[in-house]
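Have a look below at one chain only, the form predicted on its own, in structure tokens format.
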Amino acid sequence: MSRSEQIDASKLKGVPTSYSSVGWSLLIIGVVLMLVAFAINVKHASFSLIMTLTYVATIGTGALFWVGTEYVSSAVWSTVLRRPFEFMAGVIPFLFILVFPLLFNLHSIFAWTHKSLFATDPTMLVRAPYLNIPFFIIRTILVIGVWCLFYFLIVRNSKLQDTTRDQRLTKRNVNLSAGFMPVFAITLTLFTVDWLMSLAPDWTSTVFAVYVFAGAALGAMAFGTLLIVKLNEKDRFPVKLTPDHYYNLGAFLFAFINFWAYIAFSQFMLQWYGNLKEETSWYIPRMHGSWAVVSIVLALAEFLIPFFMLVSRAAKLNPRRLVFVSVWLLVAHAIDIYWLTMPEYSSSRAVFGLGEIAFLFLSAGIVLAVFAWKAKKNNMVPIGDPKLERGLEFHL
């Protein structure tokens, strides 16, 4: 009997009910807290909603990036693991809901929406054709729309293959994924510049989008690893994964922990060494007071500690270690987005209130609820993919 014939059909769809109940509970609590936060302080809550938008966007697009990477690289080992990442990418259409209230509140968020800034800062006149409200809204809608388009096309072909077994659908997704990669690079850059970098409109960095991408890829891999390992260890995955599958998940986590640290240090070192006012102005608040503490915590949480937790081969094979590190990295990703966003709201001290709590609940709730919803309707493994058999038998 082949490995593909050993797939447990009773586990192809659905996850433990706790996934859905916890996800919806977090989501509802997050929505209520965010509404209360808006009633108390609109500007503070708007920054919290930007953090939520960024967190969900990076997890969703990061997951779609990993799906596309499997197709363009013709990877075999990850075929059996691809569908959970497709489910995670299902949060992308919901970005329209998150961004909608922000589009009506741009004036209280972004300094470049104030004409007085252009009168006092002549350098801003050069950026006026780009930094204006109509073009900003158009870019946001187009960026999310493009992400939705690629998500629907790639995932539709993947699910259709479950019933048709048509190998041509794999070829179509390879071509779609090859087109998605450069488009993703451009659109993620636009999203990053618009919603994060333009919070400080006088600051620029040529590697900032790469930094956000590193966090997105790492965060999505952490969420995927957490869900896959938990389901497999609870005997709720349709097939029994091998230790080599675990090792590769741990290896990718370890690789992107280092990649994130490399890009973070490169950006900081180059701007510190250049010592230009328009560049160092972004880092100065983050190097003093309570923001300096957050900076140190971030470096420890997203690089130094998880680096040593995953550095050995044995650690990458240990399911408990993988689950713990994945949760750790998801929290670190939230700290990272907080560090990127909130100093532009309060540069003198780090703030943590109802809006930040809402951000944590809402972000986790959206991703987990959407994952459970997608898993209930679709097969957990791509049973029609021609690479599935080799993926099940994968060994290093």
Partner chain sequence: MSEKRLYGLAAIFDTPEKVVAAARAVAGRGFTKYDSYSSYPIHGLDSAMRLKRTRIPFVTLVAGLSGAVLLVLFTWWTNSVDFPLAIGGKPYFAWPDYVPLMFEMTVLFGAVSTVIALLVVWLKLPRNSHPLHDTEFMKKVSKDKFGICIESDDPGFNETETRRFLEDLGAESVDSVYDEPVDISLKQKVLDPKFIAAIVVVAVVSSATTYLALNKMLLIRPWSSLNAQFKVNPESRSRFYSDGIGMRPPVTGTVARGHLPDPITVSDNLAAAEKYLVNPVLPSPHVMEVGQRDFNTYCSPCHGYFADGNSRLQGQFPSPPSLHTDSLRLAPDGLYYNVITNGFQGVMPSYARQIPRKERWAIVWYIRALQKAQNPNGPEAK
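Residue numbers count along the first chain shown, from 1. None of these values were measured; they are calculated from a predicted model.
Below, we turn to the form predicted together with the partner chain, even though it does not appear here.
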property: is_contact(residue 104, the partner chain) in the predicted bound form, heavy atom dist at most 4.5 Å; result: no
property: Close approach of residue 269 to the partner chain in the predicted bound form, 4.5 Å, heavy atom; result: yes
property: Residue 156 within 4.5 Å of the partner chain in the predicted bound form, heavy atoms; result: no
property: The partner chain contact at residue 100 in the predicted bound form, heavy atom, 4.5 Å; result: no
property: One residue of 324, 152, 265, 135 in contact with the partner chain, assessed in the predicted bound form (non-hydrogen atom, 4.5 angstroms); result: 265
property: Sole residue of 288, 168, 313, 240 within 4.5 Å of the partner chain in the predicted bound form, by heavy atom; result: 313
property: Interface segment, criterion being heavy atoms within 4.5 Å of the partner chain in the predicted bound form, picked from 177 to 185, 272 to 280, 211 to 219, 105 to 113; result: 272 to 280
property: In the predicted bound form: members of 365 to 396 within 4.5 Å of the partner chain, any heavy atom; result: 394, 395, 396
